[in-house]
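In structure tokens, the next block holds one chain alone, the form predicted alone.
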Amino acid sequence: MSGSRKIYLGTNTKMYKNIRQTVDFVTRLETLTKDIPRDRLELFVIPSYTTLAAARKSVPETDILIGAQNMCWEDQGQFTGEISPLMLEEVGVNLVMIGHSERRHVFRENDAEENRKILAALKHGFVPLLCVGETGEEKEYGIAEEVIRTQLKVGFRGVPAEQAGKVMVAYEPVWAIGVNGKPASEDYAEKIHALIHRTLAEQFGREQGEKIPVLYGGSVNDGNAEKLIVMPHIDGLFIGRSAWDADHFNSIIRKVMPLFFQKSGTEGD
């Protein structure tokens, strides 16, 4: 079982929601979840770049972490169209998502690039959320585990063990993401999460590796959230469109929290 004693729940709104819609979403979410102790819940939202400043100003960071969907590894330079860590610092971002499947497979980013971004994120005090996952083809070939281990080993290369507690991992099988995605079964998700935890223990040592929360993402919804969260090695859920309505997201949060703490052997809300 993972060493986590806090549940991690978040969403990435991709290229949806303008500034007004994002502010309405996070403020409603903060109101609905205000009663939940944040020593039990790490709640985060990753909206589009143009909404970041307004989103950060609209809710306390003690209640909701606001993350960026991507980031350049350099502080400044001739990188037209990129966003610098310094720019994200300026708007008060807490977290940076790195290696999302759309960045890897649509925009052709590779593991070495994700590694440079993770090191830059840690340098600037952000929490890097590294996304890993295999394609449907890689799963069919039976190389899913090798692919994921490589993404982790390269992605976290050069990260000191003492900084392991400052990173997060999301397992998002590529074949399970998006409008036509088919969610992984809870047993398959558990198998991969166990692999991820073992790999992190190899890389950082068992004590430090256990500090890294590993979330499942990939067509999480009302129908499977409860089945997934009771799996021993799943520390939280990275939810897509099912979380884009604050009331619906709050409903999922309320359903999974008691199950998570029951699994962890601690008293939940």
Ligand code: 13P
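Model, not experiment: these values are computed from the prediction. Start at 1 and count along the sequence shown; that's the residue number.
The same protein also exists as the form predicted in complex with this ligand; that form is not shown, yet it is the one meant from here on.
Annotation: in the model of the complex, residues Asn12, His100 and Val220 each come within 4.5 Å of this ligand through at least one heavy atom. Considering this ligand in the model of the complex, the lone stretch of 138-146, 172-180, 78-86, 189-197 in range is 172-180 [heavy atom distance within 4.5 Å]. This ligand is not drawn, but in the model of the complex it has no heavy atom within 4.5 Å of Ile229. This ligand in the model of the complex is not approached by Pro213, whose heavy atoms all lie more than 4.5 angstroms from it. The closest non-hydrogen atom of Gly240 lies within 4.5 Å of this ligand in the model of the complex.
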